[in-house]
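Let's start with one chain on its own, the form predicted alone, as structure tokens.
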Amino acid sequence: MDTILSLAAANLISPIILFFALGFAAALMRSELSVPEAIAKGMSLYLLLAIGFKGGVSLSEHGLDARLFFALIAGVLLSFALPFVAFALLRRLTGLSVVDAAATAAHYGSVSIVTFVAASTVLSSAGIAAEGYMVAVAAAMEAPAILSALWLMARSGGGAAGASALGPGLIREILLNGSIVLLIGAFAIGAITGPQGMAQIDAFIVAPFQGVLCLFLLDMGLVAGRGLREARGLLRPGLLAFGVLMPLIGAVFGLVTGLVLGLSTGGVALMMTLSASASYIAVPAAMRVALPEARPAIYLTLALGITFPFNLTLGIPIYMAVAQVLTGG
């Protein structure tokens, strides 16, 4: 417990968390502070490029092995399975309709790349190494949850709506989602070019990373605060409880998976973080196509306004501490 509290305290006073808190508070106080959309999108592209490229370079140094293959398979299975847990929990704790519960569950099977980046940064600051191929695992976990949500819709009363939603438009939305394309592409380029490639763009990839992440999280705080302020009437106690409980349940699944795979301390912490996070970029875009009748005010506010802040402030320190205790790292 002391380890968790000390890690949480250190995380809470880190620049990335404090900038998120600044944006969140500014939004709740109705400040005019804002980050232009074009700049926010540019920062998102930069972070995806940087984390993907660095992961690819790490893979080139580590080399391909069976553990990478099994980690990818495990990530896909986790992403497909977690929405079923989330859906059951939502139906028990809340009065959400089938379509809203299925759409929300999809977010909790997919991943938040920004949460992954934040966890990677915290691990790096603490001197804890992690497998570079975890970036590829993160990319692999983006899409399977969407398929789970559509299956849940078809099985639980959505009928033809859930079964027929998986058309060419949605498949294209999933496979060619910009964040997935850039993350996988940068990862591949980093793996091909290796340390020599990193040496050529080190000044762009490494030095500005922390500053860009702080500014990006300031914007995320603004978005989360506004969403929470505008949807507060919809977020009843059951939904609020789900937004905190589901990440912890997902983290347990990630912990068991990481230990079975024999990942390092950092790898286990990242697997827990991925399993505990909730998508607010890729899945909302897919849900607009697949389940347009689902309410974004519920699923987006839960993922971005409740689960994302919880993971940033308390979740990541908890996952790190548990990984350290159970792996001896």
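Just count from 1 along the sequence shown to find any residue number. Note that the structure is predicted; figures quoted are calculated from it, not measured.
Keep in mind that the form predicted in complex with a further copy of the same chain is missing from the display, and what follows is about it.
Participant: Could you work out which of 93, 76, 249, 214 is the residue within 4.5 angstroms of a further copy of the same chain in the model of the complex, going by heavy atoms?
Facilitator: Of the candidates 93, 76, 249, 214, 214 is the one lying within 4.5 Å of a further copy of the same chain in the model of the complex.
Participant: So which of 241, 201, 88, 129 gets a non-hydrogen atom within 4.5 Å of a further copy of the same chain in the model of the complex?
Facilitator: Answer to the contact question: 201.
Participant: Check residue 38 for me: does it contact a further copy of the same chain in the model of the complex (non-hydrogen atoms, 4.5 angstroms)?
Facilitator: So residue 38 counts as contacting a further copy of the same chain.
Participant: Even though the partner isn't displayed, in the model of the complex is residue 19 close enough to a further copy of the same chain, meaning a heavy atom within 4.5 Å?
Facilitator: Residue-level check for residue 19: yes, a contact with a further copy of the same chain.
Participant: So in the model of the complex, is a further copy of the same chain close enough to residue 259 to count as touching (4.5 Å, heavy atoms)?
Facilitator: Answer no; every heavy atom of residue 259 is more than 4.5 Å from a further copy of the same chain in the model of the complex.
Participant: Even though the partner isn't displayed, in the model of the complex is residue 30 close enough to a further copy of the same chain, meaning a heavy atom within 4.5 Å?
Facilitator: Heavy-atom contact with a further copy of the same chain at 4.5 Å: present for residue 30.
Participant: Would 98, 123 and 237 all count as contacting a further copy of the same chain in the model of the complex, using a 4.5 Å heavy atom cut-off?
Facilitator: So, no: the whole triplet misses a further copy of the same chain.
Participant: Where, among 133-141, 249-257, 203-211, 79-87, do residues come within 4.5 Å of a further copy of the same chain in the model of the complex by heavy atom distance?
Facilitator: The contacting stretch is 203-211.
Participant: Scan 184-205 and write down, in order along the chain, each residue with a heavy atom lying within 4.5 Å of a further copy of the same chain in the model of the complex.
Facilitator: In sequence order, 185, 186, 189, 192, 193, 197, 200, 201, 203, 204 come within 4.5 Å of the partner.
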